[in-house]
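Next up: just one chain, as structure tokens, the form predicted on its own.
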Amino acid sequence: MVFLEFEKPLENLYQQLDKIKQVGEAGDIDVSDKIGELEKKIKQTRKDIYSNLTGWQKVQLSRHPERPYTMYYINQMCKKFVELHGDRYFKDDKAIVGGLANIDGINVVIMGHQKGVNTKMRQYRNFGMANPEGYRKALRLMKLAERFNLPVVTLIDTPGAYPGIEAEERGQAEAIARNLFEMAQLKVPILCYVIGEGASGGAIGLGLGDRVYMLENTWYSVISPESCSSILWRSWDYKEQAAEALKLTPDHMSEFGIIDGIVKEPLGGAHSLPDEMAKLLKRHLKKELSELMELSPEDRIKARINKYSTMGVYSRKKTTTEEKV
């Protein structure tokens, strides 16, 4: 098990539990009472820690190395999955995976960012940072879904779109903007979930949908806390303050009307019980899809456009006659 900095009290308790179990096995001693006490204490400590997480702590949880990624959810939720590759322009971007899938009899096109489960795979997946060809691949799959009247499901987990020179040369901004333009008018249902990090255009390139949800311990923002800190304070030392100021947690996003709801995670985070998290996500996904599929394409598109048109707050200054002159 990997423990984060704020989980140190839990780590100490687990160490004690392991030692007691070793003593019991080595000396053939009944230590069940001690084990029971420690397990209760672990449960209560976990509850205390996770009942009042800060914004920065949720950012840390969203990056937990044992947190399930897109391919894990696809493998757990889908009876069948056929991955489709390439954007038909440049190449196949490994940072975004997608294809045809069947979820308990519901045929869908599912896609998402894939970070990789170890160092080698993270390099292969470019740490979940997509190039323009990744977003163009995603759009190709969405258009395929529209052609065959299949709902689209996107799983968002990225530190941002790849910021390299070659990505800009191949039209990174245009690719993301094109996705937003096309997703706003797509005739099939679009269901989006932030399952980890939801950073900037890299996230929104797959994040425009009829309904958008966030898992409990995730974040969604125009910029990461570290980058925000480095811009404002010229240092990463203020990342915790930046995380609070950005108001990037699911609670804040729901309050602002940016997302439609929050999917609860098992106590301790999605990484503590990944199988259970996959079941919770699957149950939620099926319920939402069944509701969206009852609507006509015209009603869905109209509601989708209205939803995004009403986001944000602005004011208009009245112009006096003198100012006009």
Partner chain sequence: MGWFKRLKDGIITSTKDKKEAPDGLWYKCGRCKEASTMKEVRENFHKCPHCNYHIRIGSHDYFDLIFDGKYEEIIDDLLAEDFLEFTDLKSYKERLEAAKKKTELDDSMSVAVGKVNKQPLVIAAMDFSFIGGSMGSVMGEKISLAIDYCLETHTPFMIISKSGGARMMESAYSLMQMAKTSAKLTLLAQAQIPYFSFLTDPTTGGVTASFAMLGDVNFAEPEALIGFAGPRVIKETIKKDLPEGFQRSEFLLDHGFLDFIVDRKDLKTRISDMLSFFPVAAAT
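Keep in mind the model is a prediction, meaning the values are calculated, not measured. Residue numbers count along the first chain shown, from 1.
There is also a form predicted together with its partner chain; it is not shown, and the following applies to it.
- The candidate spot formed by R46, E276 and L280 is out of contact with its partner chain in the predicted complex: none of the three has a heavy atom within 4.5 Å.
- When you look in the predicted complex, the only residue of G171, P159, G99, G116 with a non-hydrogen atom within 4.5 Å of its partner chain is G171.
- Residue I223 is the only one of I223, L144, M121, L84 with a heavy atom lying within 4.5 Å of its partner chain in the predicted complex.
- Interface residue remark: P151 is not counted as part of the site for its partner chain in the predicted complex, having no heavy atom within 4.5 Å.
- Contact check for Y308: a non-hydrogen atom falls within 4.5 Å of its partner chain in the predicted complex.
- Its partner chain in the predicted complex is not approached by I190, whose heavy atoms all lie more than 4.5 angstroms from it.
- Taking non-hydrogen atoms only, R125 never approaches its partner chain to within 4.5 angstroms in the predicted complex.
- Across the options 68 to 76, 225 to 233, 86 to 94, 108 to 116, residues that bring heavy atoms within 4.5 Å of its partner chain in the predicted complex belong to 225 to 233.
- Taking its partner chain as it sits in the predicted complex, the stretch 184 to 218 comes within 4.5 angstroms of it through a non-hydrogen atom at A184, Q185, S200, G201, I204, L208.
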